[in-house]
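Below you'll find only one chain, the form predicted alone, shown as structure tokens.
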């Protein structure tokens, strides 16, 4: 396996120092991997990725992006180092058009690179290209997620992190979003996503990790997780979920 794109060691994070939600996670994500984070409600899944992205305070341990420490850095600094984060909500500007959303996301690039970067995203997402003048607030849930992902990919990050991209979507839109993510992964982009739709996610990712009570309790290939004899209990944090934990 290649050197980790993301690595954490005894990573601790949350909203209050005395009540951490992430309790000492050791985790690695290799270049080109497509990995999903699962677990029961309140397990710390979203808190973990938000802390990696600089949105939630880090209270202990270490986090590295491409070998450089990022624990406690601000979101813009982490973005500059190559991690793009797509939150579950408020991930687009609803009062702007699709094209204006992309223009805003491209602003950190030098001016000569902005146009080509936007065209590249419109080529990758033809549904957005067909209606680039449309207000983002009028898009369907699936289209909004596509736009959020396009905005994140504009700066060509080394890793794309998504927090529950299928939340609130119909089964058809979930399938569309996941198909797009699989295509993006096939281009070599490293992807880490938090997901509640376990079975759908296991059809597209290579590996899954399970968090329970802010700790990493299980780490296995998607195939191994799919064939687990008691998948439901595993993702609900049953005691036996610790068997085979990383």
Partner chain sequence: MNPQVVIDGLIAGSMIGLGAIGLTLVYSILRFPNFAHGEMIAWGAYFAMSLSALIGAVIGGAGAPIAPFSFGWGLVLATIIAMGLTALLALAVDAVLFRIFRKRQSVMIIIVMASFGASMALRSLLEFIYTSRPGYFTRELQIAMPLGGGMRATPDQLFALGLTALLVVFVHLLLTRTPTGRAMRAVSENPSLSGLFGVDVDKVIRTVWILGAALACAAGVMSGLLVQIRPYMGFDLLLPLFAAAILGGIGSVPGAIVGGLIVGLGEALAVQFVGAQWRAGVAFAILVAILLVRPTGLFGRQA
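Numbering follows the first chain given and starts at 1. Since the model is a prediction, treat every value here as computed from it, not as a measurement.
The form predicted in complex with the partner chain exists for this protein as well; it is not shown, and the discussion that follows is about that form.
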Just give me the single entry in 146, 121, 162, 105 that has a non-hydrogen atom within 4.5 angstroms of the partner chain in the model of the complex.
105
Considering the partner chain in the model of the complex, which of 174, 153, 79, 139 comes within 4.5 Å of it through any heavy atom?
79
Kindly indicate whether 131, 182 and 204 are, all three, within 4.5 angstroms of the partner chain in the model of the complex, using heavy atoms.
no
Which of 24 to 32, 217 to 225, 53 to 61, 182 to 190 lines the interface with the partner chain in the model of the complex (heavy atom within 4.5 Å)
53 to 61
With the partner left out here, check for me: in the model of the complex, does some heavy atom of residue 95 sit within 4.5 Å of the partner chain?
yes
Going by a heavy atom distance of 4.5 Å, is residue 166 a contact of the partner chain in the model of the complex?
no
Since only the chain is shown here, I'm wondering whether residue 157 would be in contact with the partner chain in the model of the complex (any heavy atom pair within 4.5 Å).
no
Would residue 75 count as touching the partner chain in the model of the complex under a 4.5 Å heavy atom rule?
yes
